[in-house]
Each structure stands twice: as structure tokens, then as C-alpha cells.
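Just one chain is shown here, as C-alpha cells, and it is the form predicted alone.
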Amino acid sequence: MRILAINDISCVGKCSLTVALPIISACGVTCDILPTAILSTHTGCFQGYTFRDLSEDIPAILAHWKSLHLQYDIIVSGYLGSIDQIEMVKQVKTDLLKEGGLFIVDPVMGDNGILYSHFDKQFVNEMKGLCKIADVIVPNLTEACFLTDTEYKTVTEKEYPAILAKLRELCPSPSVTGCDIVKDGNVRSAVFYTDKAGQLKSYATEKIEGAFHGAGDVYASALVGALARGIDMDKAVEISADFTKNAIAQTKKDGTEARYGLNSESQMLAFLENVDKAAK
């Protein structure tokens, strides 16, 4: 099993490839990387960060890989800094994904109802096009709203099924994180998703108050690793959501600054034990 993760490298802040590579690899599969940019830190809550776009390097990297006849069972894309990089990822899928392979898109664009800097409506529209050729997409609720032209500020739990229905027009298997629901009088954090049969499902965990950078990357990476081990979507969502919640809880317990990412390392063993158990 060989996986390609396409994302940026934020050297400090535990997100993107510094999260994807260790989590996916720990699941027992080969994970190669294609960096889209390199940053001194991620862009959330840090000032004065450096940013180097690697778009000019990508064609030569891909040409070399094609000469090696590399092919991937799963390709997962994350942060893409430009529309040109979206087009590059489409070509990567065409050239390097095995027949019958899985293409997963994390449409990284925003959070808390707003787009990240440098992204605009045109980028959102192009990202919709990338999602249309994906087998699985893993947006957070903000990104799901932008992809479905839904007003984030007015979204309630009742609208989640409609959002999932609209997302299925783009991709057969969406998995939306960060959806607050009320259960037994308590607010919980849920993942809403659809299985291969198109059935709407959800999985809820304890909601831990606060802003935690990199949580979406932890969830997406865990989901990729679980799916790579042949675990079905229902169990993969459950394992990945629990791992992410536990990492958030550990981070809050440790008192780590949120901008430095989740302390998922201490929760990795339990996650991998769940993956191994479910894969057998």
C-alpha cells in the first residue's frame, strides 16, 4: 500500500504534512509527500512567518516520479496555495493514481465561517471542481458551507442533512467535521458523513471548548490511514474522531498554546491499537 500526501510543510505548528506523514505512516503503510509550499509556521495566530511557494518545483518532481513509474493506491490532497496547484493535483491524479485507487480531498480553505487569507470565491469554485473528481472529501463545516453556497452564520443542526445532500452532488462520500449537535441536553461535536450507499450518518464525541489548530489535519490523516488498512467508513470515522477528540483533550490538559497544534503523540498508541483491531 503506497499513499501520496499533497500538502504544505509548516515547520512549526503541527499541521499539514508534519501531521499527515507520521500518522499515516504509523498505520503501517508507505506515505510519500508532495509539498505545495514551505512555511516557517502555519498562518494562524503567528506573525512574520515565511512562505515559499513550491509550484515551480512540482513539475520536475512529477517528471522524475513518472520516470520511476510510481503509482499510488491512495492520493490525498490538502492545502493548495493557488488555482494552478489545483490543476496540478488533477494531473497528479491522472498520472499517478492506480486504476481503482482512492482519491481523497481535504478542501482546506477556511474556518470559523471565513476563508483563509489569499483565497477567494474563484478559488472556492475551482476547489469544487477538484472535489468533483474525488472519492472522499473531508471539509470542516466552514468549507462545507462554502462548497454548497450555504450561509455559515445561520447554519443549525437541522441544516446538516441538506448540506450533506449538496456535497454528494460534488462527491459520493463527504465527511464533514466540526458539526455541533445537542444530545441529551449537552453540546457535542459530530462528524456527519455518508457511506457508499449514500446513507446519512453521524458520529459524535465530547465537545471540548476552545480553538485547536491542526485538528482537521489529525482527523483527515487518521481517516486516510484507517481506510488504507481496509477499515470500512463507519469504523474509520469513529476511530479517527475519537483519536482527534483525545488529542484535543490532551492538548487542553497540557495547557499547550493552541497555535502549536495538537499533542496527538501520546494518543497515538491507543489509536493504532484501534486501527489494528478493526483491520483484523
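Counting begins at 1, following the sequence as shown. Remember, predicted model here, so these are calculated numbers, not experimental data.
What follows is about the form predicted in complex with a small molecule, which we do not show.
*Asks:* With the partner absent here, would Y79, Y116 and H213 each sit within 4.5 Å of the small molecule in the predicted bound form, counting heavy atoms only?
*Replies:* Yes: each residue has a heavy atom within 4.5 Å of the partner.
*Asks:* Please determine whether G44 contacts the small molecule in the predicted bound form, using a 4.5 Å cut-off between heavy atoms.
*Replies:* Heavy-atom contact with the small molecule at 4.5 Å: present for G44.
*Asks:* Is there a non-hydrogen atom of L39 within 4.5 angstroms of a non-hydrogen atom of the small molecule in the predicted bound form?
*Replies:* Judged by the heavy-atom cut-off of 4.5 Å, L39 is in contact with the small molecule in the predicted bound form.
*Asks:* Look up in the predicted bound form whether L262 has a non-hydrogen atom within 4.5 angstroms of the small molecule, and give yes or no.
*Replies:* Heavy-atom contact with the small molecule at 4.5 Å: absent for L262.
*Asks:* Given that the partner is absent here, does A20 sit within 4.5 Å of the small molecule in the predicted bound form, heavy atoms only?
*Replies:* So A20 does not count as contacting the small molecule.
*Asks:* Tell me the stretch among 21 to 29, 265 to 273, 252 to 260, 6 to 14 that has any heavy atom within 4.5 angstroms of the small molecule in the predicted bound form.
*Replies:* Only one stretch qualifies here: 6 to 14.
*Asks:* Going by heavy atom distances of 4.5 angstroms or less, which of C171, L96, V108, C145 would be at the interface with the small molecule in the predicted bound form?
*Replies:* So the residue touching the small molecule in the predicted bound form, by this definition, is V108.
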